[in-house]
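In structure tokens, the next block holds one chain alone, the form predicted alone.
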């Protein structure tokens, strides 16, 4: 077949290589900022394997800001705070431990959102639909075959795998969202650090009439161990778009076995042993192998190319934080790319992506590795890892914010313990406007947001002056006047007085605060924005 080159090039602000969960999320986050992107995905369609089956409350906060939450709620399976993760002889056998990790990351008190156990094969079509509606240029069954960057951007060749035609793409920035075996990362010569391979798993996806058995245990996951099989058991509850599916992951040695050694005749007896009913009907759907590993890239940026998701770090699936962490990386990067592309910020802002997210990746990988090891024991009280703190309660120690004079270098706490400290997630506070319920979190997502206390009128005047000087879209909200502080928690939650102000970045991270009225509020706000935007 001839390799035809189209006669015209395409120029775009951002090229995203990899159109799975994180790549699609990044395209939506960029679109929210008014930035066009192209997504190339080598597979012909969205995910066909359930894979990720847990979105934390923090991720739902992000999807809430993108207008995606309602569509997720329409198709997600039931999920409750009382859900269990069990250890047992089999699905119907003796229970060793009924609960081996808490669900606070999915059902926190400090959020207007709750988590979801929607599976990736159900979620990705929703993200694809929203991306298309927002004008994202989606190219499925398309791969990037080569790239070269220079001082001003990245030139790449993409190939349509259906008809073998190629096209030359020019982008200001390129994003590697191409998975744990990222070819982009390898070509850039970026090494990785961490524990490395932990184990290899053979993943068997199947259908069977066992929904009631999981319901009796109120389980979202289980670990089974008997003389025939030992592995992790994951249900994918039925939705309006597909029937119940289940997955059993068992350890194997790739030096001795491969997928070819797991035909249906071997898999079905193993699945039945995990269920605990020898003759139960089972329909095997697919068998896949995967590596559980703990690796973090030494760098997340090489000039105009950035790593996100599994290309940036891979971690054990414990706590379901892999995809959630990748979406947080995408959120952190999107507004910074947009600010630089619009001219709101100088290029130095982009260096804060690595400065902020790489330490969090190191922390998350270490914590999920520890959680995976602790879950392998039989003692509940040995679980010391708090997934809520990892996913929502982290703190950036340096980056695009104005640090306060704090001597400690604590990285994680319960989210509400930070009290609005710059470099941490802006707290949820219940608000009311014209009889309608809202959250402070609903104010974030596109622009910088300045929230002022009930007696902070001078900050409002200052914000208008500074926004004009910086030519910056700055949303200002008077809490206590424009919004009713329902429970009187705004000032205490953000660590300010009624005369104070707090500046929140588009990604919902506190960028700066002044607890009281400043002698010169215009100068104070100008200084803060200059630091954050590298002006």
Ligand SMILES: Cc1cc2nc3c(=O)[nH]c(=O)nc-3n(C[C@H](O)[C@H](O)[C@H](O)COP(=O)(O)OP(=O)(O)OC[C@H]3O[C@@H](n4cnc5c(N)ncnc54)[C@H](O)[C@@H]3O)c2cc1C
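Numbering follows the first chain given and starts at 1. Keep in mind that what you see is a predicted model, and the values were worked out from it rather than measured.
The following text describes the form predicted together with the named molecule, which does not appear among the structures shown.
- The named molecule is not shown here, but in the predicted complex it comes within 4.5 Å of a heavy atom of residue 21.
- Among residues of the shown chain, residue 477 is not one whose heavy atoms approach the named molecule to within 4.5 Å in the predicted complex.
- Proximity of residue 52 to the named molecule in the predicted complex: non-hydrogen atoms within 4.5 Å are present.
- The named molecule in the predicted complex is not approached by residue 352, whose heavy atoms all lie more than 4.5 angstroms from it.
- Of the candidate stretches 480-488, 462-470, 41-49, 495-503, only 41-49 has residues with heavy atoms within 4.5 Å of the named molecule in the predicted complex.
- Checked against the named molecule in the predicted complex, the residues 339, 385, 144, 361 give one hit for a heavy atom within 4.5 Å, which is 144.
- Of the residues given (450, 204, 328, 321), 321 alone sits with a heavy atom within 4.5 Å of the named molecule in the predicted complex.
- Contacts of stretch 149-177 with the named molecule in the predicted complex, defined by any heavy atom lying within 4.5 Å, are made by 177 alone.
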